[in-house]
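Quick heads-up: it's one chain on its own, the form predicted alone, in structure tokens.
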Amino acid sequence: MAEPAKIRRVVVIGGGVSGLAAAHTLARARRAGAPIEEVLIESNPWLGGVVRSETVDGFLVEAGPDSFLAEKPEAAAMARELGLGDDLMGSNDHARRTYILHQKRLVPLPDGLMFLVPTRFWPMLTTDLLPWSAKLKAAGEMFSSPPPIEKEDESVASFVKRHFGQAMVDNIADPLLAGVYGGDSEALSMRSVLPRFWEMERKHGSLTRATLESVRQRRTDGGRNSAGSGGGNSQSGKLPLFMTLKGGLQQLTQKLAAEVEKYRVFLGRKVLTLEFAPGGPGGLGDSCSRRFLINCEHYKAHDADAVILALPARPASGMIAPLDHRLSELLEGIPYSSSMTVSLGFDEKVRAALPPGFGFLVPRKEQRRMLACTFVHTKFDHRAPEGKALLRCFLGGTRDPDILQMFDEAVLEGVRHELKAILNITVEPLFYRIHEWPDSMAQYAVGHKARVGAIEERLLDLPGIYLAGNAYSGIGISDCIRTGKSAAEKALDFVAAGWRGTQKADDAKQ
């Protein structure tokens, strides 16, 4: 008679959204009967990574991300799984308008613009954001054919310039990417950052034709995906653009953290390196019951049958160097940008004087430190007391990494100076909060897809090691949840193969 399956240990390193999603998946499997134990190690004294929510005098302030894209389903699905479905809410898309700071004044993005592709003629014809040469090029883009030579990759700036001209790059694409990625369109990979448009060009040539066809198809499909969208435009049969939680996104990370028993979580432990446990990198058998040692600063090493690295690529690179130097180099080569958010609360007079909409973006040519500013009280309900305004300004990125070295007082003075110049806000804020996130945003540089492919190939020679996080296939909360769950599922499959191998060996002995 075969012995009961040995308990296998899966260690998750990193307690942000990705790591919490992985640990949650493992905990659910354990409670369902899988003979595993999950362990979560985090270098900070808190879980949740960059997701933090704070209530200040009736204002709800998000220190990091404030929402997720509704069209990516993983975050909303996880919220519902955790019992937070009733707290999901959509952005107020009926009030959505985004401005670009252009020649020192705010100019609205043309209606019908789907990221950078125009779907309506008249707004593009009348916008002040583009010169006539760019408008003519945009009109002619309707007749583009697929490129004769298929490229491996190119920068977003190069791609957009080919289709719509340099003015579209400078005035629209670059500020949009700076606001989302904190990055530079000249450096970011079109294939990895905007894969949908990359595929559109390969198939149709014209992005405009392909986008219009996609819009027609969605209208034909109707509201098939609208059920349970949690607010926003659900009544009109459309998903909202963004979704969040009524009490802030920290509701999600707190619920995920609660899924893992406290005695399985180790906070304030900095992992230095991974190495093979005595017995070598062999299979999960009796001769090698623990495959990896996880060396921590100031603490005894943890042992593990499988390890999930759910943290930025650079620290993962250092940890994995003793196992595979080339894999370490590939991970080290993924660049990051740093970010800063400055949240400010204002009174009724400021709110009444603000332009309608979600906020504005700032192109590089305007020579401002601010990358973007969100009118949070308009974007979402339940973010500010009745009649008051909550603004959230974004700084840093590849454009201005040095701002994280400035004192808070100097940062606040600079932000207030720019808000005065752009929005004519001269009054003192009711409060402010500054949050810094060094090396927090992965930059998908040209060639990123090939780099990720090489990383995945190297990992084939390290069974039991898995990666998760925003460094590989998407930077949003849903992407982090997807990669965390996927890594956990792969780890479960790996240790399950070990159980089966051990059971076969036991049966053979008998």
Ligand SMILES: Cc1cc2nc3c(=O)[nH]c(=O)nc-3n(C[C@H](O)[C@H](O)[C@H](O)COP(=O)(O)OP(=O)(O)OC[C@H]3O[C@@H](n4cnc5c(N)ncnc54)[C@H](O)[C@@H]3O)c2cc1C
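Computed from a prediction, not measured in an experiment: that's the story for all the values here. Sequential numbering from 1, following the sequence displayed.
The form predicted together with the ligand exists for this protein as well; it is not shown, and the discussion that follows is about that form.
Checking Leu116, Leu109, Leu88, Val271 for any heavy atom within 4.5 Å of the ligand in the model of the complex turns up a single hit: Val271.
Taking Gly357, Gly165, Pro123, Pro315 one by one, only a single residue has any non-hydrogen atom within 4.5 Å of the ligand in the model of the complex, and it is Pro315. When contacts are defined as a non-hydrogen atom within 4.5 Å, none of Leu176, Met190 and Gly397 contacts the ligand in the model of the complex. The stretch in contact with the ligand in the model of the complex, judged by heavy atoms within 4.5 Å, is 44 to 52, chosen from 31 to 39, 445 to 453, 459 to 467, 44 to 52. Using a 4.5 Å cutoff between non-hydrogen atoms, Ile13 counts as a contact of the ligand in the model of the complex. Although the partner is absent from this view, Phe68 contacts the ligand in the model of the complex, with a non-hydrogen atom inside 4.5 angstroms.
Using a 4.5 Å cutoff between non-hydrogen atoms, Ser339 counts as a contact of the ligand in the model of the complex. Using a 4.5 angstroms limit between non-hydrogen atoms, His102 is distant from the ligand in the model of the complex. Shown without its partner, the chain has Ala310, Leu311, Pro312, Pro315, Met319 in segment 299 to 334 as residues with a non-hydrogen atom within 4.5 angstroms of the ligand in the model of the complex.
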